[in-house]
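Quick heads-up: it's one chain on its own, the form predicted alone, in structure tokens.
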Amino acid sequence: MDKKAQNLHGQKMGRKGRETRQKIMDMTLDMLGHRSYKDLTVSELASETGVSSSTFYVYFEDIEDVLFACVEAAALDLDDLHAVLEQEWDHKNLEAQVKKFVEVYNELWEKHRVELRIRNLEADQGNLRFLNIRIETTKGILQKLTQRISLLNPKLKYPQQIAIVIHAAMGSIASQHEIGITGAIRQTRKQLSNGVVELICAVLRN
């Protein structure tokens, strides 16, 4: 039996069990939309969800476990991004396709901001299961982006490395709040995304 169809006691989850598990996950994301996950406790989360702490432990081992479940669920929502990369890219439609790719990427981050932020923070700190899921979920994207780069500009010596740099830049920009990056020169997320589009197009046209 699929372990995801079971609770931690090895029992098959019925409709009520699946709904309770999802309710805990939804409340976790709701609470973390305006606070750090580092100080979230099981008792607080259970109370806000309207279940007992013992019920929480039927479905999750600890707070990290429910966070990982949320990240796993978000990882299933990559079809639109892959679809853009699987479409035909050529020099006639290049700018339109790159814009679409960046827009869909930003939309994905906007929809799953909490999950992706937690995934990256934990992965960057060496948490192996978060690191592994980041590798697994980005691997296909990087492979397809590398293929697009290689086909459009075969003169490039390091298409895979360029794909990694582009993806990292997009992730950094998408993770910013809507106001973007402030400092000596204030730049909104939209302005920075426009720069990424122009940069990608310039690389692929040369």
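Whichever C-alpha set is largest while still superposing within 1.5 Å between the two forms counts as the rigid core. A residue's number is simply how far along the shown sequence it sits, counting from 1. Note that this is a predicted model, so its numbers are computed, not measured.
Same protein, other form: the form predicted together with the DNA, not shown, and the subject of what follows.
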Here the chain appears without its partner; judged in the predicted bound form, the stretch of 135-143, 59-67, 27-35, 164-172 with heavy atoms within 4.5 Å of the DNA is 59-67
When the contact criterion is heavy atoms within 4.5 Å, does K190 count as touching the DNA in the predicted bound form? no
Q147 within 4.5 Å of the DNA in the predicted bound form, heavy atoms: no
Discussion item. How about L152 - does it come within 4.5 Å of the DNA in the predicted bound form, if we only consider non-hydrogen atoms?
Written reply: no
Is it the case that Q11, even though its partner is missing from this view, gets within 4.5 Å of the DNA in the predicted bound form, heavy atoms only?
yes
Residues in 128-143 that come within 4.5 Å of the DNA in the predicted bound form by at least one heavy atom, in order, are none
Query - Is_shifted Q11 between this form and the one not shown (CA, 2 Å cut-off, rigid core) - result: yes
